[in-house]
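In structure tokens, the next block holds one chain alone, the form predicted alone.
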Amino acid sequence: MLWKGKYELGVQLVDEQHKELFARVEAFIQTLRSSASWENKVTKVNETLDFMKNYVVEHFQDEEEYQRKIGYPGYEEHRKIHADMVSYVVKISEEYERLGFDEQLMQQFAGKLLAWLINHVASEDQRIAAYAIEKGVAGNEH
């Protein structure tokens, strides 16, 4: 399990979304590492890409809404980080289709995705939690 309790922001919706993202990324990596043939992995890989393209956008919007609500001063910078990640996922998805469902590209994507998710949630998102605690607005969300 990649998810750790220390990653929680104290915002139920965002925390549940983070847990779902970690679970999906973990399942994606397990699929890539399995001994099944690439042809058998492609369906799961395609599902993961579709999920990432849609769910990540929804999650980022929810998280950004929370930041606006609490007046988080790093909102614009955080929003740009999110936008860059969405652009990256879209670019990789397009390249993946253009290259004919390339396995090597997905291996690289999985590694970057995992590192980004952990670093982002453990670092950038924790700044939001620290700000909410400092301003006394933490734990007001459900």
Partner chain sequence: MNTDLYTPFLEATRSVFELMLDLSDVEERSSEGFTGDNTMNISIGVIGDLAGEVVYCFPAETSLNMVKIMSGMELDSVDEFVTSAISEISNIISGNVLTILADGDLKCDILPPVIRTADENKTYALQTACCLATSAGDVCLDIRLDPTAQQ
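Positions refer to the first chain, counted from 1. Model, not experiment: these values are computed from the prediction.
What comes next is about the form predicted in complex with its partner chain, which is not displayed.
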task = Please name which of the stretches 113-121, 60-68, 93-101, 41-49 has residues with heavy atoms lying within 4.5 Å of its partner chain in the predicted complex.
result = 113-121
message = How about residue 29 - does it come within 4.5 Å of its partner chain in the predicted complex, if we only consider non-hydrogen atoms?
response = yes
request  = Check whether residue 137 has any heavy atom within 4.5 Å of a heavy atom of its partner chain in the predicted complex, and answer yes or no.
outcome  = no
ask   = For residue 33, is any heavy atom within 4.5 Å of its partner chain in the predicted complex, or not?
value = yes
key: Residues in 1-21 with any heavy atom within 4.5 Å of its partner chain in the predicted complex   = 2, 4, 6
